[in-house]
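Single chain ahead, written as structure tokens, the form predicted on its own.
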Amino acid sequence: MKKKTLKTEAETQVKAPVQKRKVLLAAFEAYPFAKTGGLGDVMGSLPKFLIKEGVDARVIMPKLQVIKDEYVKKMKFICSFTVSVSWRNQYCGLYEMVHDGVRFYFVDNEYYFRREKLYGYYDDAERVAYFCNAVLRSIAYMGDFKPEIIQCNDWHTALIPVYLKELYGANPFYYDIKTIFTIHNLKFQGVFGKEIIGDVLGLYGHTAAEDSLDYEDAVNLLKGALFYTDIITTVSNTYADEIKYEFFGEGLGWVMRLRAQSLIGILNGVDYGEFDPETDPLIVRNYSLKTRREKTVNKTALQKEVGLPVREDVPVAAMVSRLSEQKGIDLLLYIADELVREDIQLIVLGTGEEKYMQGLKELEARNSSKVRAIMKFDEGLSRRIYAGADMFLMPSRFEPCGLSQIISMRYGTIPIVRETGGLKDTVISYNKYTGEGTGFSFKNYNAHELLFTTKNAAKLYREDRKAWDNIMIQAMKEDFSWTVSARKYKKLYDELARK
């Protein structure tokens, strides 16, 4: 007779499958489908790393006219339904596709989204109201995917937390859905005339919503989200602190202080698979930390490409930026003539406000052998600037996170930044006594602090290449990949879902 063996309780227990946290990220843009700035980059990168951390992260965005046909052809139609915009009933088509391992949903309505640009139209309030309502309606048609959390990004999605509680609060299907509202740039808030409350937003008579949206006899969509969302995040720890005060708070500092316990800073990351000098196909010579001396080949090629004298001994300072007051272009223009007299070459690539483009072209005309102002967007040239320049200028008035300084460090190009927002959190200022540092920084929004800091950096480049090389090593070793940030988001999702 065979002896029976008794299994322990632990052995007989069937392990329950690990439930993935379900998160829907809502945004108006995501790379490679549509992008006007850092928000598009984040939405194109973050979801991939959330998935690696075990989150079922998906993205929903408008089916915009700017999306290339090669992607549109791959989209699969799910269904159609109607979405209310106050008293209007509008068509909504829902499409999906998987790109780079991430499932994207696209909200289709040609009346609102068949436009040449993403933003800047007279009816942006109505377009945003439609999209936010469509996101909430779409959830019911996503099969077995019902998000526990909707992460909203910037003012274009600010009505989602408001609508969730005001228009969908009586529907049991939506009871347990929570929201996070992420501020990528507080300067842009979605402020419109008060008359849109009823006719466009459909919130007339919703007293709490009207009070939350009220802003100096206008409607402020972002302000509404700050009161209705469960958690507020922004894109660096320093910026999360700065926006509690009026200088950086853009009129909403008091709201940030009111909700300080729910305000969290999580630094944006960079996809090092995308930005890697060792594999980047857009630069002239690939290099790594070990072969960093090959960077000089890219410098020579860059000088030739933009038509500057080929001189290895002259430091090249560069800026790749949207040309606006936020980016500190005023400071640069104020001291640029004096700066280039120091035997420094300057390259600026970007587009933006006409006054800055004109000022930079005039600067080039006065200093044609030392300055190049290239007023366009050119991804390939921007990579070759990261690879070929010696110094990267970011004298921002404010900077929620900033990605350019992180990318420049990856390419061994030393950032010169103002100590604000994410710039302060990511760049360690060079200490000449210890040799520590990944860049150079200055504290005040002052043109001459930018001038002196850049001159000091250029002097070190010319006089102590060993010290300069050590800064390059330390900069290239820094890890600002999305992995670290994705883990912080995962922890936040877990804590919020359990509440």
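Quick note: we count residues from 1 along the sequence shown, nothing fancier. Note that the structure is a prediction, hence the values are computed from the model and not measured.
Another form, the form predicted in complex with a small molecule, is not on view; read the next lines as being about it.
**Student:** In the predicted bound form, does residue 35 have a heavy atom within 4.5 Å of the small molecule?
**Tutor:** Answer yes; at least one heavy atom of residue 35 falls within 4.5 Å of the small molecule in the predicted bound form.
**Student:** In the predicted bound form, does residue 233 have a heavy atom within 4.5 Å of the small molecule?
**Tutor:** So residue 233 does not count as contacting the small molecule.
**Student:** Check residue 404 for me: does it contact the small molecule in the predicted bound form (non-hydrogen atoms, 4.5 angstroms)?
**Tutor:** Residue 404 belongs to the contact set for the small molecule.
**Student:** Is there a heavy atom of residue 386 no more than 4.5 Å from a heavy atom of the small molecule in the predicted bound form?
**Tutor:** Residue 386: contacts the small molecule in the predicted bound form.
**Student:** Could you work out which of 341, 293, 376, 76 is the residue within 4.5 angstroms of the small molecule in the predicted bound form, going by heavy atoms?
**Tutor:** Result of the distance check: 376.
**Student:** Taking the small molecule in the predicted bound form as the reference, which of 138, 109, 382, 303 has a non-hydrogen atom within 4.5 Å?
**Tutor:** When the small molecule is considered in the predicted bound form, the option within 4.5 Å is 382.
**Student:** I have 321, 327 and 349 flagged as a candidate spot, so tell me whether each of them has a non-hydrogen atom within 4.5 Å of the small molecule in the predicted bound form.
**Tutor:** Answer is yes for this spot.
**Student:** Looking at heavy atoms inside 4.5 Å, which stretch does the small molecule contact in the predicted bound form, given the options 37 to 45, 58 to 66, 465 to 473, 443 to 451?
**Tutor:** Only one stretch passes the 4.5 Å heavy-atom test: 37 to 45.
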